[in-house]
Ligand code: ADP
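First, one chain by itself: the form predicted alone, in structure tokens.
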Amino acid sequence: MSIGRAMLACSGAGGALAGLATAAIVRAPMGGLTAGGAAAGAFIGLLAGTAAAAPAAAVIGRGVERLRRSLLDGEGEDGPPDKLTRRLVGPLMGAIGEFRERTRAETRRATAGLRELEVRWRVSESERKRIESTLDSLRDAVIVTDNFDEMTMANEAAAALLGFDRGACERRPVGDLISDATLVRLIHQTRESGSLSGRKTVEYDLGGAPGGQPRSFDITMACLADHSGEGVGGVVTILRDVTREKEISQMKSDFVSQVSHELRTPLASINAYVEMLVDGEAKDESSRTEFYQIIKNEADRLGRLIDNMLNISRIEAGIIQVERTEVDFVEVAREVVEVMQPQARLKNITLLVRGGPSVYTAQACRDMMHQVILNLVSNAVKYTPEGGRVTVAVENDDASRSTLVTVSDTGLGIPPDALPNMFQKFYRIENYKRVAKGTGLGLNLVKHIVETVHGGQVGVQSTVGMGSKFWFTIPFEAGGRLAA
């Protein structure tokens, strides 16, 4: 193998080797340049004209080994090298070998560093995916922005609420993604505050769907630290929908207010008549009997109010005990009519029960069915003028596989705007409050017993001045959310 071929084998080496080779040649006497010196000079030119990186170390090693054998071991075409050649090339070979070893070490360190960076990147990506999965499992909307107010992360709830494409939101200005200017301003102000120790919480109403009501949110914002741990690197914003909580809170307030009013009325009446009895205003036995009867009626009214509230509360909480049996609704209706006859006679109202030859039964709680029919017939008697008629009809509805009970009257009727509210708690028609006393809980209890407990349906049809018809259905087989 010729010296030229040996030098060409090193063509992948870096130009940095030229400095090492030149230093070795310059230190040699000028007159001593023989064939070996010429070979070394040619080798230097090849090395200086290349610009390979660390992966060329293997090529350098192979080329250097071939050149060493050619120049020092006498394997070239020109025969064994003389002493001067050995003296000139020896230092060059040592420098090249030393460089080769350093290159190999740098290559190993670079490879190890690259592997470490790759592992860190994979760990970082795994952590990011875990965080994204955690955020997606939350019902609250969460968005994360950087110190330039650009979106870096958002969960599905945030994308659905604020109306942006989650797949195309990363590293985009939050103002371009969120249409609500107030929310964008809050995020910007939180970042500018530069506070890493506290968080900011505000209550804000976001616009709902077109034509819908705005939704209330508790918005919590906090600054995130940057890599140094001292500056602000972004803002995390959490939006929790509290619309339903506010509605429930308002309903509780209304409930307490209405219950207080309903309780105050009978208690005031009882207290007034007791005071008159204590003061001796009832001089004769008939007056005292009248006072006692009024006190008893108001006490019964108060008891019914409390019982209805407790029953509704138990049903809504799902803790009421239900004992289902095969209930004969015609028989229950006749028992209710018999109970209501004294009140009906006072107003000369006719009470009727209509049922065909079929058997009208269904799986239900008999006591509850008695209470439902009693509430409906009692309301019908209250709001039917003297000489009217109340009819309880029972039949089978084969289409829905249920028993249908209807309570019709010839009373005052219900205005159209009041029909949707008839089964709400404490609802009473304003113009009818002077006609009859009531708590406004009876129909709500009917709805809960029929629909929640027994899985049936309840409804009303009415025309002002023509009377009303309340109806409910109970499936033949046991239904509802509450088990027996």
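Numbering starts at 1 and follows the sequence shown. Please read these numbers as outputs of a predicted model, since none were measured by experiment. Definition used throughout: the rigid core is the maximal C-alpha set that superposes within 1.5 Å between two forms.
Although not depicted, the form predicted in complex with this ligand is the subject of the following passage.
**Q** Looking in the model of the complex, any heavy atom of F470 within 4.5 Å of this ligand?
**A** Judged by the heavy-atom cut-off of 4.5 Å, F470 is in contact with this ligand in the model of the complex.
**Q** Going by a heavy atom distance of 4.5 Å, is Y383 a contact of this ligand in the model of the complex?
**A** Close contact exists here: in the model of the complex, Y383 approaches this ligand to within 4.5 Å, heavy atoms only.
**Q** So in the model of the complex, is this ligand close enough to V453 to count as touching (4.5 Å, heavy atoms)?
**A** No - in the model of the complex, heavy atoms of V453 and this ligand never come within 4.5 Å of each other.
**Q** Closest heavy atom of V327 to this ligand in the model of the complex, within 4.5 Å or not?
**A** Answer no; every heavy atom of V327 is more than 4.5 Å from this ligand in the model of the complex.
**Q** Looking at 267-275, 241-249, 374-382, 130-138, which stretch has residues with any non-hydrogen atom within 4.5 Å of this ligand in the model of the complex?
**A** Flagged stretch: 374-382.
**Q** Going by heavy atom distances of 4.5 angstroms or less, which of I178, V322, V144, I414 would be at the interface with this ligand in the model of the complex?
**A** In short, I414.
**Q** Hey, which residues along 396-427 are within 4.5 angstroms of this ligand in the model of the complex, non-hydrogen atoms only?
**A** Residues within 4.5 Å: D409, G413, I414, M422, Y427.
**Q** If we fit on the core, is the Cα of G163 displaced 2 Å or more between this form and the one not shown?
**A** No, G163 moves less than 2 Å.
**Q** Hey, does L412 budge by 2 Å or more at the Cα between this form and the one not shown once the core is superposed?
**A** Yes, shifts by 2 Å or more.
**Q** 2 Å or more on the CA of R128 between this form and the one not shown, with the rigid core superposed, yes or no?
**A** No: R128 shifts by under 2 Å between this form and the one not shown.
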